[in-house]
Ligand SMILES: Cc1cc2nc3c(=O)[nH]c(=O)nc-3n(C[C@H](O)[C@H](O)[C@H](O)COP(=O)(O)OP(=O)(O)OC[C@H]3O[C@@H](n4cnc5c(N)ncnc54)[C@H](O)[C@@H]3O)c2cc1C
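Before any questions on binding or motion, here is one chain by itself as structure tokens, the form predicted on its own.
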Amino acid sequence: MRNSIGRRQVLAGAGASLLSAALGGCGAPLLRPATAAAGPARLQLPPLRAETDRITAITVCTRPFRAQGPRLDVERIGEKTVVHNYGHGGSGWSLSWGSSYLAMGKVLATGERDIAVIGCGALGLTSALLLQRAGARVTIYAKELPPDVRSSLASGIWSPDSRICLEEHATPAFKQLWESMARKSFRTYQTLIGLPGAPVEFFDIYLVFDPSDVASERGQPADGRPPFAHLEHELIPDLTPHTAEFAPGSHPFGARTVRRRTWMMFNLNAYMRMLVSDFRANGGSIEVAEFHTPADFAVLRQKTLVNATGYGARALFDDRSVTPVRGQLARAIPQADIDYGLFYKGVSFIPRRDGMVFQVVGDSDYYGFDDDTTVPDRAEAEQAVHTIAGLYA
């Protein structure tokens, strides 16, 4: 049974933390000090058609969370060397290039140049492309291909610390590793801005709070469970603009308080098509294959493999350290004039060009935690749409 949606909203740093943490992968930067709103005295935004009859699909994914962070070690299995690259929680897309860069180095250290990549999601595709650029011959083996992989069901925002690990495991060494992955990934994404199909772009999101919302600091979960690590605000505050605050009366949402943040967004249909196309254009091949145990790797000709199976590693490697985090999206018909996002009462709206996204994110990092159910919940989807629609009432 999924966690119920909390009613207590947080204002100071926690609003953005909750949004980013819940959205990522299916991250949580604290808000930096707000600055005075620039530009016109009143914020002008075209109204969003938040209507349930515009929902085109309801999808559910399971993000692979590991309390100690992603698995990035090297393991010997029979005659094969396996480089692991999975368990990024809600940060798979956001950290993919940096994490795969680390995996590439470990692969090349084996001396092999005919490489197998297991998995065709965010980490598999980026691992394969980076290995190709380093001169390797790469074959991807996967049970499912885009758009039917779990990575296709992510919310599609830059959320590099979304359920990346528990705070107790955020050691200085881990923080250094995480920062290198985040910065490498961010730099790579900047090279994709402005490409045909807009695979990557920036957008403004407005965090909206009612006057009755309670201001509090992000900290220990209310039920005493250990907190998740939130690293973006601490380690990479220079990568995104500061927030700007709009007072009641200076925006379209009545007596509420509004904060604006600028985030990076991935239009995943266009982005994944680009990655697959680039991989094939570079001579890569993709074979549909299913592996039930690591012993099945013996049939592959390659001696070195990258395991980028994400949540699938829980079953394939019997890795009980992987905990599912359920994330449901309600996809809706795109609206051409809407280029901004919203967060209100534990619900987010993201204006992706390949289908607008509404999502209940709750009031805690633990929303959807340890829930592996994938049956769509229509009531939850409609609640998300109705909550955002309430801003325009």
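Each residue number is its position in the shown sequence, starting from 1. None of these values were measured; they are calculated from a predicted model.
One more form of this protein exists, namely the form predicted together with this ligand; it is left out here, but the text below deals with it.
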Legend entry - Output flag, 150, 291 and 316 jointly within 4.5 Å of this ligand in the predicted bound form, heavy atom basis: yes
Legend entry - Interface segment, criterion being heavy atoms within 4.5 Å of this ligand in the predicted bound form, picked from 241 to 249, 176 to 184, 68 to 76, 112 to 120: 112 to 120
Inset, instruction - Answer with yes or no whether residue 64 is in contact with this ligand in the predicted bound form, where contact means some heavy atom within 4.5 Å. - result: yes
Inset, instruction - Indicate whether residue 330 is a 4.5 Å heavy atom neighbour of this ligand in the predicted bound form. - result: no
Inset, instruction - Find out whether any non-hydrogen atom of residue 144 is located within 4.5 angstroms of this ligand in the predicted bound form, and reply yes or no. - result: yes
Inset, instruction - Report yes if any heavy atom of residue 154 sits within 4.5 Å of a heavy atom of this ligand in the predicted bound form; otherwise report no. - result: yes
Legend entry - Interface residues of 89 to 104 toward this ligand, as seen in the predicted bound form [heavy atoms, 4.5 Å]: 89, 90, 91, 92, 93, 94
